[in-house]
Each structure stands twice: as C-alpha cells, then as structure tokens.
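Here's a solo chain for you in structure tokens, the form predicted on its own.
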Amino acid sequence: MCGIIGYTGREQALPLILGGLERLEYRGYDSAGVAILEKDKLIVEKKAGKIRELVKDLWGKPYKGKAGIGHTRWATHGEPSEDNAHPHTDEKGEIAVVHNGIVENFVELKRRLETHGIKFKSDTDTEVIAHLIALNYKGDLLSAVLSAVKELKGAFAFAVISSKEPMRIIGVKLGSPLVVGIGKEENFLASDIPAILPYTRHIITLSDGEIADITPEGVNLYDFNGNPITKEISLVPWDIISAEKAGFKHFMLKEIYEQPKSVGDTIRGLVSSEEILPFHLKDFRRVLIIACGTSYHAGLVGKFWIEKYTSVPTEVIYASEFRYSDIPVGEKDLIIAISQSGETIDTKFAVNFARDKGAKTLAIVNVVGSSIDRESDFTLHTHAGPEIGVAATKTFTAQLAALYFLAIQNTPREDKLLQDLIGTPSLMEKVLEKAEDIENISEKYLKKRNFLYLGRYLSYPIALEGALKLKEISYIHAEGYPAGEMKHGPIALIDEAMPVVIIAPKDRVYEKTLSNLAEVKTRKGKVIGVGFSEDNHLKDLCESYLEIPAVVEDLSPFLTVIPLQLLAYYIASKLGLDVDQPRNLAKTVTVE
C-alpha cells in the first residue's frame, strides 16, 4: 500500500526520488521520507503528512548524492509520525531501509535484537529489518540482506542502501510488488511503474523470493538462496502522458472520461489471438470469482452473465474471506481472480490457495507481469492504462468487458453479442455528454450525510458500486441494497431527509423496481433515478434524473455506473475534498 522508489546513476538522486514519490501519492500514504547517499554519509529526511511538507523541509539543502531511496508510508504498525516514517536506519546510521508489507514475526525479532543491546527508535515492524541487516553485515550488503531475509516472515518488499557501498541498492520482494527500471548508466527500483515512467519504460518485474542488486552499471538478480537468476526486460505499454491529468481537475475525472477508450481497447485486446483461452467455462462444474472492493462488484455482474450464457453455477466471494472459509475447492473448479493491480494481497493468496487445492485459475488484471498474472494458469488482460485515482473507475468497466467477453464465448449468439459489446463505448460517450447536468444535480445533495442505493438484477452490483464511490471520496455514509430487500430493514431509514438512488433501466425487473420506487416516495424519500433518456414515466417520478441512452439489458451496467461515478465525484469535489487521494485509502492493498 506504501510506495518505494530508488535511484542510482549519473544524476542527482533527490529530485528524481521526490518526483517518483509524487507519482506514487495515489497509492495512499500518511508520511514520506528519503535517504540519500552523500559521499560516504547516509542522509535521512522524513516528515509526517503530505510530500509537500517533506519538500519544504528539504528546500535549500545542498544534497547532491547520486543514489538514494524514498518512501510514502501508510501506517500499519505504529501511528503516523516522523519517528515511524521511513526510511529506518540501524543504530550507527549506516544502513537505511524502506519497506512495504508486514513482517509478521517482528515482535520475536525485536525482542532478540534488544538482547544484543539494540535500542529501537520507532514502533514499526520495518526497523527490525535495518537492525537485522546491520547485525549480519560483514562488508557485503547483498550477503547481509540474504542472511536477514531468511529470518523474516510475512509478505513484504523492501529496498536497502548502505553508506559503506554508496552506489548500490538491494531490492527484495516477497508478496508486495517491486519492479526494476533499466536505464542508461542509471537504474531504478519502484513499487509501481508510474514512479519511474518519466525515466524508463524498460522494466524487470521481480517475482516472490527474488532479490535485485542494483548499481549504475547494471542489475544482478538472485533467489533467496543467493543463486543467480536471469529475467527478461519488458517494455511498458504506457507513457508518462497517459499518467498525467491532461487538463482535468483530478485524475478520477480524467479516468471516468477515459472509459469508452479503455473498454474499447480491452475489447480489441480480448478478441486478439493472444487472449484465446484453451478451455470452455462449461468444462468446469463451478466457477468461483474472488476479488475485493470494486473488483468484487464487477464479479457480481459477471456472475449473472456467466450463469445466463453457460449455466455453470457461479459464486462470488471476497478474497479476504475465501482463504479462511471451508469451501471445498478442487480440480473441477475454475477460480477467476479479479484485481486491477494484480498485486492485491488477499486475492493473490487466494489464488495460491486454490491452485494448491488443484483448481484452475484465471486472472483478470490490468498490469501485465503482476504477481496474480504470473501465478495464475490463464489471464485476460484489461487495457485500461494506468489508473492513478484511488477510487477505481475505468478499471471497473474494463473488468466488465473482460467478464462479458468470457461469458459469451462459444455461445450460439456469440457474434451478435460481441457486436453489441463492441458498440458499447459509443453509448458510454453519450452518457458522458450529460456530465454537466449531473454536476448541477450534485449541488442539491452536498449537505446530505446518508444515501441509499437500490437496484435489482444487474443493477444491484451497480448500486453497491455507486454507494462505494460516494463513501470512498466524499466520506458520506451510503449503502447499496437489492431493491427487493428494502422492505426487510432499510425501509426504516427512509424519510424526507434521505436521498435514495434507484437504478432502473428498462430490463426484466423494471416494473418491480418501479414498485420499490413508489414505496420510497410514499415515505417521502428523495429519489434520484438512473434510467433511459426517453423514459418520461420514470423521470416524472424522480426528484433528480440521471440519463443514459437505451441499451440492451445485458450491457446496462456499462452505462448506469457512469452517472454514479460522476455524482460521487462532483459531490466530493464541491466539498473541497482530496478526490484522488481520499483519507485512509490506498490504491493497491498489499497488506492483510
């Protein structure tokens, strides 16, 4: 969830590291810090709060070192504070570490290190890594790291530098993401690709149990036993322009507007020969979709499509629950793991658990070469490009495209259904043409503190997703429910102060949904409707109306979600909130 950046090369390291940290802000953080190798000294500067506070502290300081590491921290062990911010050092201040993930046995290690007389300065689990490496240091940083790693338990990634070896960075990966950037007479280390995109698009993605030994002259790779390994260098199919705001106020708004393109690009990628899967869903007795957050909601939509077109029983399970449940999993099951980053720790562990039980695994990810991509038997890649806003938007609709494509494979109507899907991006563009209307509507609801979102059938997951978007970025309490469940509890909440968002495209449950709407109005609830542009009957029943063009039933989620994304965005933006980096949230959840 935190961000790591490292640089060693011919340029001054500090500006590059600070720039990389700024490009990692979207991951979520509460403090930031850098360690620069200044000749034979290790200089550490860190600050609680935003990166701009760190930059202010560094202003005018003449650091010209050409190697260093930086970090943005999202607190796990220890409250957000300067002492707990990274980098952490050994007692002599000769070794510095930045770390993502969790060291599960840090209490045991800390107690043992304290018996050696070592005094700790922070409450973090990270500090044990620095002391452990220092204890094992005998003149070679790689050897010391290899010795320390053998004692660490958990899922983590970290970078290490030492004043004794001033142009060298050691990177370690086990569970959390880490990539190496390859340059000319310079090399990089980062937890996420956007951090290094301005400098290189040539990367090596580290796998679990791998270590990178990085100098300006080159990169050597090893396993945790110290055995040399070789890996291919990949070319990232993005550039820095695609990770910039391009005139939009926030990344989230830009990414909402990018959805027609990202869905179109995903469809084109899926129909290419590279994405053909060597099986049919009907080959399996059951499909289990595992995911977290927004990806889980995409999975709920996918369940309807898979069962409709294949008749294969399908369940959707939170990845964090799947690993600890007693669900029987075996060779006749297909596990579909959905993750934007391909690094979501609960989803990754669930994939490993399922594979150990003999199940086949299929990943739907947005990052080629990510952990879940590599560790699954098969992959469908979404082609959404980098998503910087913490609240997922374009990756959600790209995931829907992958799930629909998967569901309709080898059905009698495949060609017709695929043509419908191909036409969806143009309909999504028509929804975006109504953004100004949605912005005006949002003004009515800025002071509301509770929302209820209702939908049936394919619109139920969209109700969940709409409520999640509002919660994530506006901090307004919102709940999504199946509209038919309203009478079983939520109806007690409805009064003249409660906005109720009702998603009602003309589908198989349209009339039922209108009955639920009438129940809301009877109790004086303020209805915000989402429906077809020409549906004047529905429009007349609503206080506010978010229009979408008419679309076939199956594809309505691609359209109905966009007004809800925009509504949440405009409410949060007009409230003056940090839309791209909402409090307490991280883009990629790499700790349990």
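Remember, it's a predicted structure, so these values are computed and weren't measured experimentally. Don't overthink the numbering: it's just position in the shown sequence, from 1.
Another form, the form predicted together with a small molecule, is not on view; read the next lines as being about it.
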Original post:
Of the options Gln399, Ser176, Thr72, Ser474, which one has a non-hydrogen atom that comes within 4.5 Å of the small molecule in the predicted complex?
Top reply: Gln399
**OP:** Would you mind picking the one in Thr126, Ser459, Gln340, Thr266 that has a heavy atom within 4.5 Å of the small molecule in the predicted complex?
**Re:** Gln340
Original post:
So, Ser295, Thr344 and Ala392: all three within 4.5 Å of the small molecule in the predicted complex by heavy atoms, or not?
Top reply: yes
**OP:** Go through 353-361, 287-295, 165-173, 482-490 and give me the stretch that gets within 4.5 Å of the small molecule in the predicted complex, heavy atoms only.
**Re:** 287-295
Original post:
Taking 4.5 angstroms as the cut-off for heavy atoms, does Leu468 touch the small molecule in the predicted complex?
Top reply: yes
